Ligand SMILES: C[S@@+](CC[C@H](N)C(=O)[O-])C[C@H]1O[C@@H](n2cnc3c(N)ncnc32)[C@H](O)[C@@H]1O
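As structure tokens, one chain now follows by itself in the form predicted alone.
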């Protein structure tokens, strides 16, 4: 997929099935703010612009079929064991939540470019477990930082410490990741201490060295303001700076450059972000868990460039989509709620012409980076050779006429028509699998084998 193949779009549906239709290596930045497994029900207040929007962040195992866990076994067996262990400690709710997230993160990794970044917004409920999953998916060496975002002022919790911060896990795809250095504001105490001088026009500044004694590369020797010295600038540059009133002379005649506060970049961004307040005022639309535009501006500026593609698979309040378009990026949003398009359209309308470059659909996108092939005799023969004449389900030998071509990822879950998504099953296995993922069939066969082994073992005890 080319750089400009994507258009600003909001997809309504399960992000897993939508992402199944996105080309590999086509997304520059993924930010996701999924449910946190917080055991809470979120509702927008009556009278707010988001009124009527709600979601339940209480998970049970029935929310995620066991096939989703088994689907990860072949490629990530140790991670599946980890999730099952967490389930023993925390119960099926956490096990279901981590399973749900793991399967989607697998697909997100596939669609990210080698220069891409992945930001996962979470809280202490499951952040430590999600980090282990992400370490396995992206590689522990591609973990860049755990950002601590102070999302509100101190809270008064009579039974413990006030919980006023979230975590944002940042991973990259490779050493060639996109990074634009960002800066945060100076603290008031630093400004008061360092920027103690005021120019004639009222601008605050601090003196910066012009001597070159500490420079390894040396400097320029000449007399300036009655002092023969080693200076950082050649004499003609020093004169230009003097003429522009850019030099501060101390009472002892020492020359220093005026470094103005309003021209300073600020402090290089650290992993603790306490300078971005939670949404308030006109920006507060009442959407549950709404994130501030300033937070998204910072992430998007840091890990993408103009023209890049930014994806939010749980776009909810649409902050990422709006911020991406404001910064001249292409925005892709996905949300399962049918009310999200109305909410996003209203936000884009309030932001001038952004709505003119926006589309919405509940149709799944289709991949164009793989060769589409209809089921045919040639495809069947190719698969028969690859599978060595055995059913992909029960592993029994059959003649080619007894096999049927089946989708590994079902078509109704946006599985593509390509040889990579085809397999041969015997008629019985194909009926058992139906329109479900292959993992469902594998699970059924394993259970049958376990039952048979138990019966043989049980019967042999009476011989």
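Numbering follows the first chain given and starts at 1. Bear in mind the structure is a predicted one, so any value in this text is a computation, not a measurement.
Another form exists, predicted together with the named molecule; not displayed. Remarks below refer to it.
Visitor: To test your reading of this chain, name the stretch in 311-319, 220-228, 77-85, 242-250 whose heavy atoms come within 4.5 Å of the named molecule in the predicted bound form.
Guide: Contact criterion met by 311-319 only.
Visitor: Is residue 291 part of the interface with the named molecule in the predicted bound form - any heavy atom within 4.5 Å?
Guide: Contact with the named molecule, yes.
Visitor: Does the named molecule get within 4.5 angstroms of any non-hydrogen atom of residue 100 in the predicted bound form?
Guide: Yes - in the predicted bound form, heavy atoms of residue 100 and the named molecule come within 4.5 Å of each other.
Visitor: Using heavy atoms and a 4.5 Å limit, would one call residue 33 a contact residue for the named molecule in the predicted bound form?
Guide: It does: once the named molecule is placed as it appears in the predicted bound form, residue 33 has a heavy atom within 4.5 Å of it.
Visitor: Can you tell me whether residue 334 touches the named molecule? I mean in the predicted bound form, with a 4.5 angstroms heavy atom cut-off.
Guide: Output for residue 334 is yes: heavy atoms within 4.5 Å of the named molecule.
Visitor: With the named molecule left out of view, choose which of 167, 232, 90, 104 has a non-hydrogen atom within 4.5 angstroms of it in the predicted bound form.
Guide: Going through each option in turn, the one that passes is 104.
Visitor: So which of 15, 441, 22, 10 reaches within 4.5 angstroms of the named molecule in the predicted bound form, heavy atom to heavy atom?
Guide: Contact check passes for 15.
Visitor: Which residues from 256-277 come close to the named molecule in the predicted bound form, meaning a heavy atom within 4.5 Å?
Guide: Read in sequence order, no residue approaches the named molecule (within 4.5 Å, in the predicted bound form).
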